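Okay, here we've got a single chain as structure tokens, the form predicted on its own, with questions on binding and movement later.
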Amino acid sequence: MQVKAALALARSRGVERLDAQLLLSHALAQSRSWLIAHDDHPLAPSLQQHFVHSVERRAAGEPLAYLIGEREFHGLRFVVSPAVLVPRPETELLVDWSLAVLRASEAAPIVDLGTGSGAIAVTLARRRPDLHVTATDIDLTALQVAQLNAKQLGASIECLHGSWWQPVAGRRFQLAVSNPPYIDENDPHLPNLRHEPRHALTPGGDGLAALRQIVCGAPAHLQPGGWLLLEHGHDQGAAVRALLDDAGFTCPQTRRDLAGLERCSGACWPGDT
């Protein structure tokens, strides 16, 4: 089987051309441009078998990132595995907003709650090496992925095992950021995400349980003038702003992603009253 035949096979199985090229590029350790220039290159039988297996998994809906073991986020390449969510482009909005509120803060302590792959924490540490970045996660395997990404990308972060605020009891931060599970358990799109860890997708019920827990614990862990920034579902902006307002935060606000959907909400903590 040659390169062009392998790509044709993938298309016949319903795999998009770009995905097929990326799968084959990964298997051959070559670029996509190399594939185009060498479409008559023969594939070894063992590589053919590996590629066909990967195509079948992709056709069944498994994320491409799991098949090639990495995903780009904010210009950095992160290791990913089925233990963590695949970083999404819309989460970059959370990173950009975090960098904006930290612009005037030097050596600020920040925490990423439920870090998963470490995409948020590691990116912030790379963009602002002066920050003191702490990342927490209840899943030890996910925390190991975050530590690996920090090491490979040359970022200095502190990784702590535990649920939300529990690992940082008694500590206060200038910024707390989180992309928690927020999908309603009855969301019709949830079955399409079956290959990703369910506990990182939905907390059950209306999808707001983790967000409620994070907002409730935030006042005890934020410095006066500190920020809490949260990613949420496109239809949860009003609910999250209400949670922030009820907890005593100042002027809750929401930002929209590139699709125009409400994606992140946050507010400033005024301090004890």
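Since the structure is predicted, the reported quantities are computational estimates derived from the model, not experimental observations. The first residue of the sequence shown is number 1, and the count goes up from there.
Separately, the form predicted in complex with a small molecule exists; it is not shown, and the next lines address it.
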Interface segment, criterion being heavy atoms within 4.5 Å of the small molecule in the predicted bound form, picked from 124-132, 149-157, 187-195, 83-91: 83-91
4.5 angstroms heavy atom contact with the small molecule in the predicted bound form for I183: no
is_contact(V101, the small molecule) in the predicted bound form, heavy atom dist at most 4.5 Å: no
is_contact(P203, the small molecule) in the predicted bound form, heavy atom dist at most 4.5 Å: no
Contact label in the predicted bound form: P167 to the small molecule, heavy atom within 4.5 Å: no
Residues T115, A119 and N179 all lining the small molecule in the predicted bound form, heavy atom within 4.5 Å: yes
